[in-house]
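This document opens with one chain alone, in structure tokens, the form predicted alone.
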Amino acid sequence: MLLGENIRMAFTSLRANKSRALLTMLGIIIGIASVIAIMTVGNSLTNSLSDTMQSQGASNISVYLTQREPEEDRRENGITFGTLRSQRNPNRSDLIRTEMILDLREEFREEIKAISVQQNIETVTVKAGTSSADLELSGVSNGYFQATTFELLAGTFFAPEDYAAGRPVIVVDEKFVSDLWDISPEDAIGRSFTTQINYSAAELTIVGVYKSAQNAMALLYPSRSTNAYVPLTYSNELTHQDFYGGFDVVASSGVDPNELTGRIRDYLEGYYRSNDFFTVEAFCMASLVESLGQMLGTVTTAISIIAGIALLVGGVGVMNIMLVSITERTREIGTRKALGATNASIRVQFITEAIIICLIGGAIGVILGLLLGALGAKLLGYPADPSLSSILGSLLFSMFIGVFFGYYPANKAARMNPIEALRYE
């Protein structure tokens, strides 16, 4: 019998028993919908977290000062006892100096796009008439704005001459401008204000205004203070120091940040070989993002497998209903065999019917799963990101369920004795 005829007969049988067919599909629908919904939410969560961390410089390399681990240890009865070392605050000679950063930049000039150095100064208060606002002031290098994502609303970031001359210019966010003067970012460019920094009066001129961060923490815990930035050379003059606890490196395009991390660590270790207490460590966030993605993917897959057990339950339901259907259609099977139908054609007929049941249930499950997944992602605050592979995989698996659980009833029908089938009441 042709495949088209088998499909037509399958739909005819389903229309004759609509309620029973729907109940048969229910297990398949629930299983497929669960898998698709979980995979959609999992992918949405993973991709959103990855995008967020990438926008915040996940591929950047963080270099920081750290206390050395004690090298001496002793073993007793197979147990290793490390030498205890109390925490020690680094002094000026232990910290990372400007010359070290410049040497590193020159050594890896082809592989480093920018170096971001941030020096926290202090929180200052700015007043204008009856209004006031707080600024968490930091000095930054010219690579800071490349290492961190900022959306500039007006003006510019610092020019090379601002660093060269150590000019008292500042980049603020729109909230500061609105709180202090209630003006637009464009109108704030070129405006100056005076504040106290390290007990001295400082007049700062605004050259750039960036967009305030809009995230859950900012909404839940609104703060009166905002971040503002001045050239690092100017902050060095204010603080009278040019040594730091750490900095960030932006790798050039096409450079493996993980491989570069190890080389930077080895290079800077040369400055600390004679330092018994401190050394420099380097860490790349890209490895953390990758590990996080793998962990979330594993959890999503594990939960999907558990949800997929419903597919097996649905498959058992398909087999049960097919056995009932074959029993009800025993005389039909006997008539067909008496007219010359082969065992193979009878087997294909009922396997086709089981596959059609599972595919229809799978299609309904995919649609329902996409809707539930989109709803779940929306409730979590992430854009829905359905997985095409999970959709295709679910449909193929539902077809496999139809073949696997439909084979036994179909084979039973194919092996019927036509004489006994015709005499069946």
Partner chain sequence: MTPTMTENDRKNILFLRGIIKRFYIGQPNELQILNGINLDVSEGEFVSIVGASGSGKTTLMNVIGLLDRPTFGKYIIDGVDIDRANDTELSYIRNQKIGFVFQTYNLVPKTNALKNVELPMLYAGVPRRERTERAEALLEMVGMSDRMKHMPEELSGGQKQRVAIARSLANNPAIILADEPTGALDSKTGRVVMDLFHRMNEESGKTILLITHSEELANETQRIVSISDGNITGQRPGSGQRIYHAPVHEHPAGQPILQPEEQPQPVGQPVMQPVGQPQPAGEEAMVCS
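Since the structure is predicted, the reported quantities are computational estimates derived from the model, not experimental observations. Positions refer to the first chain, counted from 1.
Not pictured, yet referred to below: the form predicted in complex with its partner chain.
To verify the annotation, which of these, S184, T156, T335, T239, has a non-hydrogen atom within 4.5 Å of its partner chain in the model of the complex?
Spelling it out, the residue with a heavy atom inside the cut-off is T335.
Heavy atom within 4.5 Å of its partner chain in the model of the complex - the one residue of G190, G129, G254, G340 that qualifies
Comparing distances to its partner chain in the model of the complex, the residue within 4.5 Å is G340.
Does T300 reach its partner chain in the model of the complex, with heavy atoms at most 4.5 Å apart?
Answer no; every heavy atom of T300 is more than 4.5 Å from its partner chain in the model of the complex.
Answer with yes or no whether N320 is in contact with its partner chain in the model of the complex, where contact means some heavy atom within 4.5 Å.
Contact with its partner chain, no.
Can you work out whether R265 and its partner chain are in contact in the model of the complex, taking contact to mean some heavy atom pair no more than 4.5 Å apart?
Taking the distances in the model of the complex, the answer for R265 is no, it never comes within 4.5 Å of its partner chain.
Heavy atom to heavy atom, is I7 within 4.5 Å of its partner chain in the model of the complex?
Contact with its partner chain, no.
Heavy atom contact within 4.5 Å of its partner chain in the model of the complex, the stretch among 205-213, 101-109, 341-349, 244-252:
Among the candidates, contact is made by 341-349.
Members of 354-378 lying within 4.5 angstroms of its partner chain, judged by heavy atom, in the model of the complex
Contacting residues: none.
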